[in-house]
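Here's a solo chain for you in structure tokens, the form predicted alone.
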Amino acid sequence: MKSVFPFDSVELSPNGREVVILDQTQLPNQEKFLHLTTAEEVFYAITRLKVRGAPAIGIAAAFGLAMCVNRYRTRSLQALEKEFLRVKHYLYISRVTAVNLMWALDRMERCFYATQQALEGEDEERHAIEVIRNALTAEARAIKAEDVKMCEAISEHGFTLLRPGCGILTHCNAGHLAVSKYGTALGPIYLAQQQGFSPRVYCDETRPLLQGARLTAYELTKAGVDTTLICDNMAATLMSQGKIDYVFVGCDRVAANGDVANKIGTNGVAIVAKYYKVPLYVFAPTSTIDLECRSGAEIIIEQRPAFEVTDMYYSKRMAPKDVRVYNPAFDITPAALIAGIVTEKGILKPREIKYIRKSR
């Protein structure tokens, strides 16, 4: 599969001392890269959606943890461990819904202690510190490399659903920008375009942060895909006209019963799609599956700031000054509304999720 972009949305510098991200808040008007060198900068980039998308957040957090360890100056292994845990716990709370974040940071912690255990009896602490730094840097890079392979596999499985000229509705952004490369829900679309299928894609703008308008439409038009932008409340009309054959969405967490947390508005799209008999497919690497979470009712939904609804992307405030604002970042789509969940291991029915063996 060919990548349609000459850049990745998140990278670790060759020396492991900088996290480089494409600032997604500046898109589609400017492709601006940020060089992050502190835990606070990584935390801010994640919370303010400068880097976003569940897999990309996990990769950024792993890179950030490795970067902070590489930059921390100490000759004490105990001090290094204390700093590692401080940064890990700090980044852990930057987003509460996307399970990839916790999964990646927990994996980095396992790497730290496995490497430390292998060094038992090592008298030279400076050597041990260097070995741990190298191991964490390699582990963070491995997390990204594995995500690239997972996205390729997800794209190939999703491609089998498509036929030439089909109409696809997307919500939010689950493309190249949200992962390491290729994308999850957009990956099959890129592959279909490369195979001459000429898919027609309708992008929900995705209020209030406009990820569909700013990011998905940006990605797809850049790749030459036939793309039409719509307001969120237009999806039902398109389905009633028979213009939508599939709904493709990503997700931030999959519960063991097949319920899915994704960008706010996904549940509404799923309800309408069920009514019009349009299959909705969720695209997720196994790192997004949380088998310890029994159902969507247990998923904590992040509440975002009010200004995202009232002020952001407007030249002046578009709501009364004293009005209360409810701004959940995600909603829960019940398993009963989902036709299939596309993972790197294949296309599964929601009820089959609890039997899956997760990638490490």
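In case it trips you up, residue 1 is the first one in the sequence shown, and so on. Bear in mind the structure is a predicted one, so any value in this text is a computation, not a measurement.
Omitted here: the form predicted in complex with a small molecule. The next part is about that form.
(message) Please identify the residue among Cys172, Val254, Ile189, Ala104 with any heavy atom within 4.5 Å of the small molecule in the predicted complex.
(response) Going through each option in turn, the one that passes is Cys172.
(request) May I ask you to state whether Leu49 is within 4.5 Å of the small molecule in the predicted complex, using heavy atom distances? (result) Yes, contact at 4.5 Å.
(message) Please determine whether Lys263 contacts the small molecule in the predicted complex, using a 4.5 Å cut-off between heavy atoms.
(response) Judged by the heavy-atom cut-off of 4.5 Å, Lys263 is in contact with the small molecule in the predicted complex.
(message) If we define contact as a non-hydrogen atom of the residue within 4.5 angstroms of the partner, is Ala178 a contact of the small molecule in the predicted complex?
(response) Looking in the predicted complex, residue contacts with the small molecule include Ala178, since a heavy atom lies within 4.5 Å.
(message) Although the partner isn't part of this model, could you tell me whether Gly64 comes within 4.5 Å of the small molecule in the predicted complex, counting any heavy atom of the residue?
(response) Looking in the predicted complex, residue contacts with the small molecule do not include Gly64, since no heavy atom lies within 4.5 Å.
(message) Tell me which stretch of 179-187, 197-205, 227-235, 128-136 has a heavy atom within 4.5 angstroms of the small molecule in the predicted complex.
(response) Every other range fails; the passing one is 179-187.
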